[in-house]
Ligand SMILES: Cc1cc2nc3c(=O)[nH]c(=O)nc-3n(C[C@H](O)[C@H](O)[C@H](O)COP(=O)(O)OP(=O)(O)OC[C@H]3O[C@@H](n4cnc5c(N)ncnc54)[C@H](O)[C@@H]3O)c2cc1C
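As structure tokens, one chain now follows by itself in the form predicted on its own.
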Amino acid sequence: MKTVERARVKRIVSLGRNLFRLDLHSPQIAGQAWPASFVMARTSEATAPLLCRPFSVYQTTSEGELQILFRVVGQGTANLSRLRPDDEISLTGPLGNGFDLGARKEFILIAGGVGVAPVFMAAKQIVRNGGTRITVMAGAATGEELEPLTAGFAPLGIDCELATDDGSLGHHGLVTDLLKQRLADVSPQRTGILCCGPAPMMAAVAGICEQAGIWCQVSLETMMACGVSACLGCTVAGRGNGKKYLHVCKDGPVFMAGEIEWKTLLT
């Protein structure tokens, strides 16, 4: 059930250059959130920026805490980075459709940059469900960026394979290289892939999975103005099933990888 809530800032944690984790006391939304759900955050009480911004839920606690990850890329996220404890912001959520965590016996979770947020929440839920083998593959430009984003997986007992563009941590190259190397050990009948990150990375993962016959869901990250399919600003092209257009906020953000016409997101 969608809730509008005044969320109080508990802390803001710098994870590196222009990268932050915002911890909010938001008991109503935190109590309802699910893996790959998102919130719309009002980043300023002023008229600029006028529109809310979408953020995947990174994790929640039983004490009513909700965490989001973000990178400063514009005025809205710059406003968030300047928040201090006991400041308040308006949140709407939880929104969206989540990952299907009961679809397979084994999961490979693939994340790029701050796309780790829904993947991490999914990993925690899979662990709670018990009995499922999980491997995480995560990539970013540098080790300085990637290390804090993936630090939470080790306490969950989850193997994490890393890749960086500059080779400063893990594999020197793309996270999709790690997936290709694992294909020989993947059972299409047992294994599911959950993915979130930049569109080129997800498109590549989708192509690999389609060719190998592996079940794959992706959580799309797009700009949204309303979060409830009123503005149509998050429309993406679909393929198959007669769906010409999909609305990420209402139909997603999670889709089967084969539902998306990826070439339209890469132009």
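Residue numbers run from 1 along the displayed sequence. Keep in mind the model is a prediction, meaning the values are calculated, not measured.
We do not show the form predicted in complex with this ligand, though everything after this point is about it.
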Within 4.5 Å, heavy atoms only, one stretch in 131-139, 86-94, 171-179, 112-120 touches this ligand in the predicted complex. Which?
112-120
Using the partner position in the predicted complex, report whether residue 74 sits within 4.5 Å of this ligand, counting heavy atoms only.
yes
Residue 56 within 4.5 Å of this ligand in the predicted complex, heavy atoms
yes
State yes or no: in the predicted complex, is some non-hydrogen atom of residue 201 no more than 4.5 angstroms from a non-hydrogen atom of this ligand?
no
So, residue 222 and this ligand: in the predicted complex, are they within 4.5 Å at any heavy atom pair?
yes
